[in-house]
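Heads up, the chain below is alone and in the form predicted alone; it's given as C-alpha coordinates.
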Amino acid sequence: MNTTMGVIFANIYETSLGDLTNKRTMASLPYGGRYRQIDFSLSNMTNSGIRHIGIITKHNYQSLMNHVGSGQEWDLNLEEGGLEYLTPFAQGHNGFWRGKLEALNDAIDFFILAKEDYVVLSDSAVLCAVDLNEVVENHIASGADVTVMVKDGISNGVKQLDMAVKADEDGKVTDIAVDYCADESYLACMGIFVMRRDYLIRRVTEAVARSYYHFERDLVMYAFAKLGAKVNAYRFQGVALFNESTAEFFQNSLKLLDPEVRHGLFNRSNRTIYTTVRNEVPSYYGVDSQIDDCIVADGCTLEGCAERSVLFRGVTLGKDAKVKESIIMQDCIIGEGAELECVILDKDVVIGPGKRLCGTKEYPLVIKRGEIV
(Lines give C-alpha, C1' and ligand atoms only; values in the text may rest on other atoms or scores of the structure.)
Protein backbone atom coordinates (compact mmCIF):
# COMPACT_ATOMS: atom_id res chain seq x y z
CA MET A 1 0.00 0.00 0.00
CA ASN A 2 2.59 2.57 -1.10
CA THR A 3 -0.15 5.12 -1.81
CA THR A 4 -1.01 5.33 1.91
CA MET A 5 0.83 6.83 4.87
CA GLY A 6 0.06 6.37 8.56
CA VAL A 7 -0.16 8.52 11.68
CA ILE A 8 -0.37 7.20 15.23
CA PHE A 9 -1.44 9.37 18.18
CA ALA A 10 0.54 8.27 21.23
CA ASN A 11 -1.01 10.56 23.88
CA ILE A 12 -4.68 9.66 24.21
CA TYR A 13 -6.71 9.03 27.40
CA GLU A 14 -3.72 9.44 29.75
CA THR A 15 -5.79 11.19 32.40
CA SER A 16 -8.36 8.37 32.50
CA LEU A 17 -5.74 5.73 33.34
CA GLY A 18 -4.25 7.55 36.32
CA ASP A 19 -0.92 6.22 37.59
CA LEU A 20 -0.57 3.78 34.69
CA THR A 21 0.06 6.64 32.26
CA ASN A 22 1.40 9.23 34.68
CA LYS A 23 4.94 8.87 33.33
CA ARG A 24 4.34 7.15 30.00
CA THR A 25 2.18 7.59 26.93
CA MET A 26 -0.91 5.51 26.26
CA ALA A 27 0.97 4.03 23.31
CA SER A 28 3.76 2.67 25.54
CA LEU A 29 1.43 1.11 28.12
CA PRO A 30 2.42 -2.58 28.58
CA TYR A 31 -0.17 -5.16 27.61
CA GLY A 32 -0.50 -8.92 27.42
CA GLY A 33 2.74 -9.95 29.12
CA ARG A 34 5.23 -8.70 26.53
CA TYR A 35 3.61 -6.09 24.28
CA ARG A 36 3.00 -2.33 24.29
CA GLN A 37 -0.23 -0.87 22.99
CA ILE A 38 1.48 0.87 20.07
CA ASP A 39 2.55 -2.57 18.80
CA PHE A 40 -0.98 -3.13 17.50
CA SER A 41 -1.20 0.13 15.52
CA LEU A 42 2.32 -0.23 14.13
CA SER A 43 1.81 -3.87 13.19
CA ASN A 44 -1.54 -3.17 11.52
CA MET A 45 0.11 -0.55 9.35
CA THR A 46 3.26 -2.44 8.42
CA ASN A 47 1.31 -5.66 7.77
CA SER A 48 -0.80 -3.63 5.34
CA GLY A 49 2.23 -2.31 3.46
CA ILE A 50 2.25 1.18 4.99
CA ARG A 51 5.93 2.13 5.10
CA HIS A 52 5.74 5.86 5.93
CA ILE A 53 4.51 6.35 9.50
CA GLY A 54 4.58 9.31 11.87
CA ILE A 55 4.12 8.95 15.64
CA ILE A 56 2.63 12.11 17.16
CA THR A 57 3.49 12.46 20.83
CA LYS A 58 3.63 15.47 23.11
CA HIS A 59 5.23 14.40 26.43
CA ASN A 60 6.47 11.45 28.51
CA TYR A 61 7.61 9.76 25.31
CA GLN A 62 11.04 8.48 26.42
CA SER A 63 9.76 4.96 27.19
CA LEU A 64 7.91 4.96 23.86
CA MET A 65 11.07 5.81 21.95
CA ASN A 66 13.05 3.23 23.95
CA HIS A 67 10.52 0.56 22.97
CA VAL A 68 9.98 1.40 19.30
CA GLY A 69 13.51 2.66 18.62
CA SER A 70 14.20 2.92 14.92
CA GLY A 71 11.26 0.64 14.11
CA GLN A 72 13.50 -2.27 13.19
CA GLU A 73 11.12 -4.88 14.65
CA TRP A 74 8.44 -3.61 12.24
CA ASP A 75 10.89 -3.46 9.32
CA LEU A 76 10.90 0.33 9.43
CA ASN A 77 13.76 2.78 9.84
CA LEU A 78 14.33 6.41 10.74
CA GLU A 79 15.29 7.42 7.21
CA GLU A 80 13.00 9.28 4.84
CA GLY A 81 9.94 7.21 4.02
CA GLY A 82 10.15 5.11 7.18
CA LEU A 83 9.32 6.00 10.79
CA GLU A 84 9.27 9.56 12.14
CA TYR A 85 8.67 10.88 15.65
CA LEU A 86 6.58 14.06 15.54
CA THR A 87 7.20 15.71 18.91
CA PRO A 88 6.64 19.33 20.01
CA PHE A 89 10.39 19.78 20.32
CA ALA A 90 11.06 18.48 16.83
CA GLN A 91 8.32 20.66 15.36
CA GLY A 92 9.30 23.84 17.21
CA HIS A 93 6.10 23.86 19.26
CA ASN A 94 6.35 25.68 22.60
CA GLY A 95 3.33 24.34 24.46
CA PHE A 96 1.02 21.35 24.84
CA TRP A 97 -1.58 20.62 22.21
CA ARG A 98 -5.20 21.00 23.26
CA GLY A 99 -6.29 18.29 20.86
CA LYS A 100 -5.44 16.15 17.85
CA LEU A 101 -6.25 18.95 15.40
CA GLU A 102 -3.55 21.19 16.85
CA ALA A 103 -1.12 18.26 16.85
CA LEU A 104 -1.83 17.58 13.18
CA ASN A 105 -1.42 21.25 12.33
CA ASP A 106 1.89 21.39 14.16
CA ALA A 107 3.09 18.48 12.02
CA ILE A 108 1.55 19.83 8.80
CA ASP A 109 4.90 19.80 6.97
CA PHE A 110 5.03 16.04 7.50
CA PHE A 111 1.90 15.77 5.36
CA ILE A 112 2.80 18.48 2.84
CA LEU A 113 6.15 16.86 2.03
CA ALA A 114 4.68 13.37 1.77
CA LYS A 115 3.93 11.75 -1.58
CA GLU A 116 1.18 9.30 -0.61
CA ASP A 117 -2.42 9.95 -1.64
CA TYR A 118 -4.19 8.65 1.50
CA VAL A 119 -3.67 8.89 5.26
CA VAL A 120 -4.66 6.39 7.94
CA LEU A 121 -4.89 8.02 11.38
CA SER A 122 -4.97 5.75 14.44
CA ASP A 123 -5.24 6.16 18.19
CA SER A 124 -3.40 3.80 20.56
CA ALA A 125 -6.22 2.92 22.94
CA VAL A 126 -8.18 0.40 20.85
CA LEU A 127 -6.40 -2.91 20.26
CA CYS A 128 -7.22 -4.99 17.20
CA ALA A 129 -5.65 -6.88 14.31
CA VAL A 130 -7.00 -5.42 11.08
CA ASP A 131 -6.09 -5.44 7.39
CA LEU A 132 -5.95 -1.73 6.62
CA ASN A 133 -5.82 -2.50 2.90
CA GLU A 134 -9.47 -3.50 3.16
CA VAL A 135 -10.33 -0.30 5.01
CA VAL A 136 -8.61 1.95 2.47
CA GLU A 137 -10.15 0.06 -0.46
CA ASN A 138 -13.57 0.39 1.18
CA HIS A 139 -12.96 4.12 1.62
CA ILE A 140 -12.02 4.60 -2.05
CA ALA A 141 -14.98 2.56 -3.28
CA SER A 142 -17.40 4.54 -1.11
CA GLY A 143 -16.36 7.88 -2.61
CA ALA A 144 -16.51 9.37 0.89
CA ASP A 145 -14.44 12.25 2.20
CA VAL A 146 -13.78 10.46 5.49
CA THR A 147 -14.02 6.83 6.53
CA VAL A 148 -14.26 5.93 10.20
CA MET A 149 -13.69 2.41 11.48
CA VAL A 150 -16.49 1.36 13.86
CA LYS A 151 -17.50 -1.55 16.06
CA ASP A 152 -20.90 -2.96 17.01
CA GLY A 153 -21.75 -3.88 20.59
CA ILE A 154 -19.68 -1.22 22.36
CA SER A 155 -22.25 1.56 22.71
CA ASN A 156 -24.39 0.85 25.78
CA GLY A 157 -25.70 4.20 26.99
CA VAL A 158 -23.14 4.26 29.83
CA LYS A 159 -19.70 4.39 28.26
CA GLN A 160 -18.84 7.83 26.92
CA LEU A 161 -17.48 7.59 23.40
CA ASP A 162 -15.23 10.07 21.63
CA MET A 163 -17.41 9.57 18.60
CA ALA A 164 -20.42 7.40 17.78
CA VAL A 165 -22.22 7.13 14.46
CA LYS A 166 -25.31 5.72 12.85
CA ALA A 167 -24.95 4.26 9.37
CA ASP A 168 -27.17 2.64 6.77
CA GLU A 169 -26.58 -0.80 5.24
CA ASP A 170 -24.19 0.65 2.66
CA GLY A 171 -22.01 2.23 5.34
CA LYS A 172 -23.16 5.80 4.71
CA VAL A 173 -23.11 7.70 8.01
CA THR A 174 -26.45 9.33 8.84
CA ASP A 175 -25.73 10.73 12.30
CA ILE A 176 -22.66 11.60 14.39
CA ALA A 177 -22.41 12.22 18.14
CA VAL A 178 -19.24 13.31 19.96
CA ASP A 179 -18.34 12.83 23.64
CA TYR A 180 -21.66 11.12 24.13
CA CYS A 181 -22.94 8.07 26.04
CA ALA A 182 -24.56 6.63 22.94
CA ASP A 183 -27.15 3.88 23.13
CA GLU A 184 -27.04 0.51 21.38
CA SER A 185 -28.30 1.93 18.09
CA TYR A 186 -24.94 3.67 17.54
CA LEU A 187 -21.65 2.26 16.29
CA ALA A 188 -18.56 3.06 18.37
CA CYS A 189 -15.65 4.79 16.65
CA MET A 190 -12.41 2.81 17.01
CA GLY A 191 -10.17 5.85 16.60
CA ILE A 192 -9.07 4.86 13.07
CA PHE A 193 -9.81 7.25 10.19
CA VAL A 194 -8.99 7.28 6.47
CA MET A 195 -9.01 10.29 4.16
CA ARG A 196 -7.10 11.78 1.29
CA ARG A 197 -3.91 13.58 2.30
CA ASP A 198 -4.85 16.81 0.51
CA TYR A 199 -8.29 16.75 2.15
CA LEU A 200 -6.71 16.34 5.60
CA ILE A 201 -4.29 19.22 5.02
CA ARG A 202 -7.08 21.53 3.89
CA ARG A 203 -9.50 20.67 6.68
CA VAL A 204 -6.84 20.86 9.42
CA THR A 205 -5.52 24.21 8.21
CA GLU A 206 -8.99 25.74 8.00
CA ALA A 207 -10.09 24.40 11.38
CA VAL A 208 -7.03 25.60 13.30
CA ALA A 209 -7.29 29.00 11.63
CA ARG A 210 -10.67 29.30 13.37
CA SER A 211 -9.25 28.15 16.72
CA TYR A 212 -10.77 24.68 16.56
CA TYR A 213 -8.78 21.83 18.11
CA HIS A 214 -11.05 18.79 18.62
CA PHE A 215 -10.54 16.34 15.72
CA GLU A 216 -13.78 14.37 15.97
CA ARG A 217 -16.00 17.38 16.71
CA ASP A 218 -14.33 20.18 14.75
CA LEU A 219 -13.14 18.28 11.70
CA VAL A 220 -15.21 15.15 11.13
CA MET A 221 -18.57 16.17 12.61
CA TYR A 222 -18.29 19.80 11.43
CA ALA A 223 -17.51 18.70 7.89
CA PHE A 224 -20.43 16.25 8.01
CA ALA A 225 -23.01 18.61 9.52
CA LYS A 226 -21.97 21.98 8.08
CA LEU A 227 -20.06 21.29 4.87
CA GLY A 228 -22.01 18.32 3.55
CA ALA A 229 -19.01 16.00 3.66
CA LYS A 230 -19.71 12.34 3.00
CA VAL A 231 -18.63 10.12 5.89
CA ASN A 232 -18.33 6.36 5.48
CA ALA A 233 -18.40 3.75 8.27
CA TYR A 234 -16.28 0.60 7.97
CA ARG A 235 -17.67 -2.07 10.30
CA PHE A 236 -14.89 -4.12 11.91
CA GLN A 237 -15.98 -7.69 12.62
CA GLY A 238 -13.00 -8.94 14.64
CA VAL A 239 -11.91 -8.61 18.28
CA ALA A 240 -11.54 -4.99 19.42
CA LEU A 241 -10.56 -4.05 22.97
CA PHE A 242 -11.16 -0.48 24.15
CA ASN A 243 -8.55 0.35 26.83
CA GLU A 244 -9.77 3.85 27.61
CA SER A 245 -9.86 3.59 31.41
CA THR A 246 -8.10 1.69 34.19
CA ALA A 247 -11.06 -0.66 34.64
CA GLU A 248 -11.20 -1.39 30.90
CA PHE A 249 -7.45 -2.02 30.76
CA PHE A 250 -7.74 -4.44 33.67
CA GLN A 251 -10.74 -6.29 32.30
CA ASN A 252 -9.37 -6.44 28.76
CA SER A 253 -6.06 -7.79 30.02
CA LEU A 254 -7.88 -10.68 31.70
CA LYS A 255 -9.93 -11.23 28.53
CA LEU A 256 -6.74 -12.58 26.96
CA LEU A 257 -7.30 -15.71 29.05
CA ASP A 258 -10.24 -16.42 26.72
CA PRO A 259 -8.81 -18.37 23.73
CA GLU A 260 -11.29 -16.74 21.33
CA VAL A 261 -10.13 -13.25 22.30
CA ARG A 262 -6.47 -14.22 22.37
CA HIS A 263 -6.58 -15.87 18.97
CA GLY A 264 -8.59 -12.95 17.58
CA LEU A 265 -5.70 -10.63 18.40
CA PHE A 266 -2.61 -12.78 17.95
CA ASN A 267 -3.50 -15.68 15.66
CA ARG A 268 -4.84 -13.96 12.54
CA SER A 269 -3.33 -14.90 9.19
CA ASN A 270 -0.98 -12.19 7.87
CA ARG A 271 -1.78 -10.00 10.89
CA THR A 272 1.10 -10.78 13.23
CA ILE A 273 1.51 -8.35 16.14
CA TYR A 274 5.20 -7.52 16.40
CA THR A 275 7.04 -6.16 19.42
CA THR A 276 10.58 -5.48 20.56
CA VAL A 277 12.41 -8.78 21.05
CA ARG A 278 14.07 -9.32 24.43
CA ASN A 279 15.72 -12.70 24.88
CA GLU A 280 15.11 -14.10 28.38
CA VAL A 281 15.61 -17.47 29.99
CA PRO A 282 12.50 -19.68 30.25
CA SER A 283 10.32 -19.17 33.30
CA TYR A 284 11.08 -21.35 36.31
CA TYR A 285 8.23 -23.16 38.07
CA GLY A 286 8.98 -24.29 41.63
CA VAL A 287 8.04 -27.74 42.91
CA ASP A 288 5.15 -26.36 44.96
CA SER A 289 4.00 -23.68 42.50
CA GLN A 290 0.46 -23.75 41.13
CA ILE A 291 -0.15 -21.65 38.05
CA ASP A 292 -3.70 -22.01 36.77
CA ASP A 293 -5.19 -20.28 33.70
CA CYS A 294 -2.51 -17.59 33.46
CA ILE A 295 -0.48 -15.87 30.77
CA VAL A 296 3.17 -16.14 31.78
CA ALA A 297 5.99 -14.39 29.93
CA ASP A 298 9.57 -15.61 29.97
CA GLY A 299 12.16 -14.97 32.66
CA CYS A 300 9.80 -15.46 35.63
CA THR A 301 10.62 -17.29 38.88
CA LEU A 302 7.41 -18.79 40.24
CA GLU A 303 7.36 -20.49 43.65
CA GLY A 304 3.81 -19.59 44.73
CA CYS A 305 0.30 -19.76 43.28
CA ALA A 306 -1.31 -17.67 40.54
CA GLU A 307 -4.83 -17.93 39.15
CA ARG A 308 -6.38 -16.12 36.17
CA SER A 309 -3.60 -13.54 35.98
CA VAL A 310 -1.15 -12.01 33.51
CA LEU A 311 2.52 -12.20 34.53
CA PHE A 312 4.97 -10.14 32.51
CA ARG A 313 8.67 -10.82 31.98
CA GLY A 314 10.91 -11.32 34.99
CA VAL A 315 8.21 -11.58 37.68
CA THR A 316 9.26 -13.21 40.94
CA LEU A 317 6.49 -14.96 42.88
CA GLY A 318 7.61 -16.01 46.35
CA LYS A 319 6.82 -19.25 48.14
CA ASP A 320 3.23 -19.49 49.46
CA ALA A 321 2.34 -16.20 47.71
CA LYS A 322 -1.10 -16.10 46.08
CA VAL A 323 -2.09 -13.98 43.09
CA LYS A 324 -5.64 -14.00 41.72
CA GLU A 325 -7.09 -12.04 38.78
CA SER A 326 -4.22 -9.57 38.73
CA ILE A 327 -1.87 -7.91 36.25
CA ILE A 328 1.78 -8.15 37.31
CA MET A 329 4.10 -6.15 35.09
CA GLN A 330 7.78 -6.61 34.34
CA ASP A 331 10.33 -7.35 37.08
CA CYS A 332 7.88 -7.15 39.99
CA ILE A 333 8.76 -9.08 43.14
CA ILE A 334 6.01 -10.59 45.30
CA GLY A 335 7.26 -11.75 48.70
CA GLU A 336 6.56 -15.01 50.47
CA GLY A 337 3.02 -15.42 51.73
CA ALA A 338 1.73 -12.23 50.08
CA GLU A 339 -1.83 -12.25 48.71
CA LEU A 340 -3.03 -10.16 45.77
CA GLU A 341 -6.48 -10.04 44.19
CA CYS A 342 -7.69 -7.64 41.48
CA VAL A 343 -4.42 -5.72 41.57
CA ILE A 344 -2.32 -4.06 38.88
CA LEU A 345 1.38 -3.85 39.74
CA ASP A 346 3.29 -1.53 37.45
CA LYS A 347 6.91 -2.33 36.60
CA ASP A 348 9.53 -2.92 39.31
CA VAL A 349 7.08 -3.01 42.23
CA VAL A 350 8.16 -4.91 45.37
CA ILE A 351 5.48 -6.45 47.61
CA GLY A 352 6.83 -7.46 51.02
CA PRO A 353 6.28 -10.88 52.62
CA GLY A 354 2.82 -11.43 54.08
CA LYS A 355 1.25 -8.30 52.56
CA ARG A 356 -2.38 -8.49 51.40
CA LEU A 357 -3.68 -6.23 48.62
CA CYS A 358 -7.21 -6.40 47.28
CA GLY A 359 -9.20 -4.41 44.74
CA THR A 360 -12.31 -5.17 42.69
CA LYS A 361 -12.88 -5.85 39.00
CA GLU A 362 -14.56 -2.46 38.63
CA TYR A 363 -11.92 -0.67 40.72
CA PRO A 364 -8.63 -2.60 40.58
CA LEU A 365 -5.94 -1.52 42.98
CA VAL A 366 -3.01 0.09 41.10
CA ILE A 367 0.49 0.22 42.58
CA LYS A 368 2.75 2.74 40.86
CA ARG A 369 5.97 1.81 39.15
CA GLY A 370 8.89 1.19 41.49
CA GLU A 371 6.81 1.32 44.69
CA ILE A 372 7.76 -0.81 47.70
CA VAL A 373 4.79 -2.06 49.72
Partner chain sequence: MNFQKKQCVAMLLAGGQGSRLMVLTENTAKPAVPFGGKYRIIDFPLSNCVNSGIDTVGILTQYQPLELNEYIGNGQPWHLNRSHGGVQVLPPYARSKKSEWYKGTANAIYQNIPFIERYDPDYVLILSGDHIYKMDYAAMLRYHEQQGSDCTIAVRTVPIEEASRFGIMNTNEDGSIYEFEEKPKKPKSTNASMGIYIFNWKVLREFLIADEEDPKSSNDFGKNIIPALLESGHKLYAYEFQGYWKDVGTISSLWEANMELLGTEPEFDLSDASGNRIYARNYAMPSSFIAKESKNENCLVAEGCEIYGNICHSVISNGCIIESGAIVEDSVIMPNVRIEAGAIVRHAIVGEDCVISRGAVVGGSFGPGEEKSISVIGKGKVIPANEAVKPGEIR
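Everything numeric in this text was worked out from a predicted model, so none of it was measured. Positions refer to the first chain, counted from 1.
Below: the form predicted in complex with its partner chain, not depicted.
- Query: Looking at 106 to 114, 271 to 279, 240 to 248, 136 to 144, which one sits within 4.5 Å of its partner chain in the predicted complex if you count heavy atoms only?
  - Reply: Correct option: 271 to 279.
- Message: Please tell me whether any heavy atom belonging to residue 199 falls inside 4.5 Å of a heavy atom of its partner chain, as the geometry stands in the predicted complex.
- Response: Judged by the heavy-atom cut-off of 4.5 Å, residue 199 is well away from its partner chain in the predicted complex.
- Message: Taking any heavy atom pair closer than or equal to 4.5 Å as contact, tell me whether residue 127 reaches its partner chain in the predicted complex.
- Response: No - in the predicted complex, heavy atoms of residue 127 and its partner chain never come within 4.5 Å of each other.
- At the 4.5 Å heavy atom threshold, is residue 303 in contact with its partner chain in the predicted complex? Taking the distances in the predicted complex, the answer for residue 303 is yes, it comes within 4.5 Å of its partner chain.
- Message: Given that its partner chain is not shown alongside this chain, does residue 33 nevertheless sit within 4.5 Å of it in the predicted complex, heavy atom to heavy atom?
- Response: Yes, contact at 4.5 Å.
- Name the single residue among 166, 262, 98, 230 that comes within 4.5 Å of its partner chain in the predicted complex, judging by heavy atoms. Of the listed residues, the single hit is 262.
- Query: Which of these residues, 223, 291, 121, 208, gets a heavy atom within 4.5 Å of its partner chain in the predicted complex?
  - Reply: Result of the distance check: 291.
- Heavy atom contacts to its partner chain in the predicted complex at 4.5 Å, residues of 243 to 258 in sequence order: Stretch hits: a single one, 257.
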